[in-house]
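For reference, the chain that follows is the form predicted alone, supplied as structure tokens.
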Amino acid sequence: MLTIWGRRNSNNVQKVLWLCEEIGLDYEHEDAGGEFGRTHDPDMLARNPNAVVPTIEDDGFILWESNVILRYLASKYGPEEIYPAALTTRADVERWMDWQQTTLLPPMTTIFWGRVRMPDKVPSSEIKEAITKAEPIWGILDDRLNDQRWIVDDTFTLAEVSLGIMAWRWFALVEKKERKEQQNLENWFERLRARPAFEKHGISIPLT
């Protein structure tokens, strides 16, 4: 049995839970991190010395790092189309997954902390600067989505799972008047919202 540790309002945990729901994978979930604590407990540190979430254990195999968890679970349990086996297509999916963490995440983290987690400690000027940085980054994805439904080969893949939770935060935390219209991105996000798994583990979870 697969066990997932992590709080449901963590974007990284949401990605893993969303994938499990998408592919119909049974799992046990235990709250950890944030208000639930536990990440510094000896048993949890033995599983994940970084003291963060998510962490999974699957038939005795322990794994952390959310995007790596996505790759592992999709490879073992998912249909091929969600994580294609063809080398170039798989590399394309992984490119967008890594782009989410290395390029998009930094300004999105500033926006989230400034407007949700610690609004009294992040100056408005920093939030505005982060929005200015994030907008052209999202524009790269908007261009990619021109004339296609999904990010890679017009098929729903792990690229959507990795980026969809970030998109929810972008549209929820940045008002229309603060950003340029990116219609391809908005249409893609509406398609994500129509997926029951995303509804359950993404937009229905309060941003905290």
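Numbering starts at 1 and runs along the sequence shown. Small disclaimer: the values here were computed from a predicted structure and weren't measured.
The protein also exists as the form predicted in complex with a small molecule; that form is not presented, and the subsequent description refers to it.
By the 4.5 Å heavy atom rule, the three marked residues Gly139, Asp154 and Asn184 all fail to count as contacting the small molecule in the model of the complex.
Contact with the small molecule, judged by heavy atoms within 4.5 Å in the model of the complex, is confined among 32-40, 156-164, 139-147, 172-180 to 32-40.
Not displayed here, the small molecule is kept clear of Ser75 by more than 4.5 Å at the level of heavy atoms in the model of the complex. The small molecule is not drawn, but in the model of the complex it has no heavy atom within 4.5 Å of Glu57. Residue contact with the small molecule in the model of the complex: Arg7 places a heavy atom within 4.5 Å of it. When the small molecule is considered in the model of the complex, Gln101 lines it closely, a heavy atom lying within 4.5 Å.
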